[in-house]
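The data below hold one chain only, encoded as structure tokens and taken in the form predicted on its own.
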Amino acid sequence: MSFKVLQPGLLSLLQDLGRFGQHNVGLTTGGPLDSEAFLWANRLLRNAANACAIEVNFGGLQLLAQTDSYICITGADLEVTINGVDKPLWTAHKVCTGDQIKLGYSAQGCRSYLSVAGGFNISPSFGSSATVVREKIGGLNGSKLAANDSLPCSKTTQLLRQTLPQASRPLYAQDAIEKNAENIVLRLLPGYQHHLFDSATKARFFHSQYKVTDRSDRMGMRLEGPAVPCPSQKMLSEGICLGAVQVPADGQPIVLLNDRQTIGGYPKIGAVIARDIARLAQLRPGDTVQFEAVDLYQAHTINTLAQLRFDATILQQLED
């Protein structure tokens, strides 16, 4: 009982919510870059929040169902077909043995999540199935998916199908700008090294736009814009949190993501709050962002309200 990979796409990785409590042995967290889309993919199938799913970067994944089950695809806007028939995103779909699932390439956003009822049955490594290719850990032998890989799962023949109402679905990048729904503003909690940057530098940082470069990856989002010089470049290496905005000698900020190194010695002006990492992860090279400072109370409030909205959202029931 499994799904066979026919085409892996550009970069497809097995992920659960991440590998926590292992920094002391040098292992980073991993997990989905867009945790919001990942959690919706599992909730729409009534899976546990931590169920293993596939993160698909830019699209191109093709699977062959070798059991009866249900799948759901969330995240970036791309075409999905089952046996050549178009299927909507953010919706649970029944699949039968022999069905072919194809994901096109994303038009908006860049990361999609494919979940299966019950999750993929992947043996954990250091407490998690999250794939970190740099560390060769998690997933299938610590690697990205390849053609002919077999992804084991349980057989599921009965499941009440659900869809996420359109009004509750996230907007990605250009869609959000065109509809004036929200600006691409990343809320940043200033860190204890914030004082190392002078007032003029901090003012420039918070009033400037930064462009996402094509050198970004799962380790970090490299940005390009007005330099953020810091006179204190020599410091001891220390642990690095998700979203930390580190500033190397060239003054171009890097927002550190899930596959970041566990320690580093560059100065950090602060950290993007976890709720905004999902929005950042869907940006493409050339998209621009701005930063807005928030305090710890605001960050807690943003997180709490977002979780309340997620829990309170009523899913629409569908018939097979």
Partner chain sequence: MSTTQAHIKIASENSYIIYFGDPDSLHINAEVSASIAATCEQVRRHFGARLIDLVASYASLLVIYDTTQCDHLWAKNTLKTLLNTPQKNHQDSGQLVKIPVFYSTKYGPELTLIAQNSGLSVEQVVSIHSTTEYRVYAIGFAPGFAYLGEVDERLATPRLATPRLKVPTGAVAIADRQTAVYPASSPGGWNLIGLCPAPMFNAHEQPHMPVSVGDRVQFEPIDEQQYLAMGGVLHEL
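Positions refer to the first chain, counted from 1. Being a predicted model, the structure only gives us computed values, none of them experimental.
The discussion below concerns the form predicted together with its partner chain, not included here.
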item	value
Heavy atom contact within 4.5 Å of its partner chain in the model of the complex, the stretch among 89 to 97, 140 to 148, 108 to 116, 228 to 236	228 to 236
Triplet G191, I240 and T262 all within 4.5 Å of its partner chain in the model of the complex via a heavy atom	yes
Its partner chain: the contacting residue among L159, V133, V185, L196 in the model of the complex [heavy atom, 4.5 Å]	L196
Listed residue (A65, L27, V289, L39) with a non-hydrogen atom within 4.5 angstroms of its partner chain in the model of the complex	L27
Distance check, A51 to its partner chain in the model of the complex, heavy atom within 4.5 Å	no
Distance check, V255 to its partner chain in the model of the complex, heavy atom within 4.5 Å	no
Close approach of L283 to its partner chain in the model of the complex, 4.5 Å, heavy atom	no
Contact flag, A299 vs its partner chain in the model of the complex, heavy atom cut 4.5 Å	yes
Its partner chain in the model of the complex - contacting residues of 59 to 95, heavy atom within 4.5 Å	none
